[in-house]
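Just one chain follows, in the form predicted on its own, and it is written as structure tokens.
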């Protein structure tokens, strides 16, 4: 078993993978659902055709909301990535303490 095998078996690496999965999987599902609701609603219903503000209808507001949603997810990911980096350093330290190389 190489260094990768030892890294994969450490508790800190498994914690890193668990934390990344617990954020990335729900965030990705949320993104795709939010993204595809717009074309589905505009193609198969008239709910977004109603005027929301002046001449702007709900479809335009929803489309603009997708920019805000993307920006928000990026901001959340950046905050989470800082915690992931701390866990990566912990993994490196754990490997180094066991005599391995952490590059």
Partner chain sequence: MNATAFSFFVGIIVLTLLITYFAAKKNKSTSEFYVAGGNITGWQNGLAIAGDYMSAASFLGIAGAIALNGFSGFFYSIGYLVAYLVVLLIVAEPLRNLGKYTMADMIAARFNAKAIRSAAALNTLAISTFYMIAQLVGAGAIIKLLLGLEYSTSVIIIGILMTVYVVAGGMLATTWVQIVKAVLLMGGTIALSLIVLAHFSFNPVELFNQVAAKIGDKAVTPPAPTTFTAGLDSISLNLALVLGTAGLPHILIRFLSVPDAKTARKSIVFATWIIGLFYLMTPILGYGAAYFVGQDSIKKANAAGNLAAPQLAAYLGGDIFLAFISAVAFATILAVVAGLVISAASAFAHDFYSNVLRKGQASEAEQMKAARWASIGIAVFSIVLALGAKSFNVSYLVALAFCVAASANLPVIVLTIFWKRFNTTGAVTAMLTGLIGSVGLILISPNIMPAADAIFPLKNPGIVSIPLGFLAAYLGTVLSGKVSEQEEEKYTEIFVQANTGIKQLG
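If you're wondering where the values come from, they're calculated on a predicted model, not measured in any experiment. Residue numbers count along the first chain shown, from 1.
What comes next is about the form predicted in complex with the partner chain, which does not appear here.
Using a 4.5 angstroms limit between non-hydrogen atoms, residue 85 touches the partner chain in the predicted complex. Heavy atoms of residue 33 never reach within 4.5 Å of the partner chain in the predicted complex, leaving it off the interface. Residues 38, 39, 40, 42, 43, 44, 45, 46, 49, 51, 53, 54, 55, 56 of 37 to 56 are found to place at least one heavy atom within 4.5 Å of the partner chain in the predicted complex.
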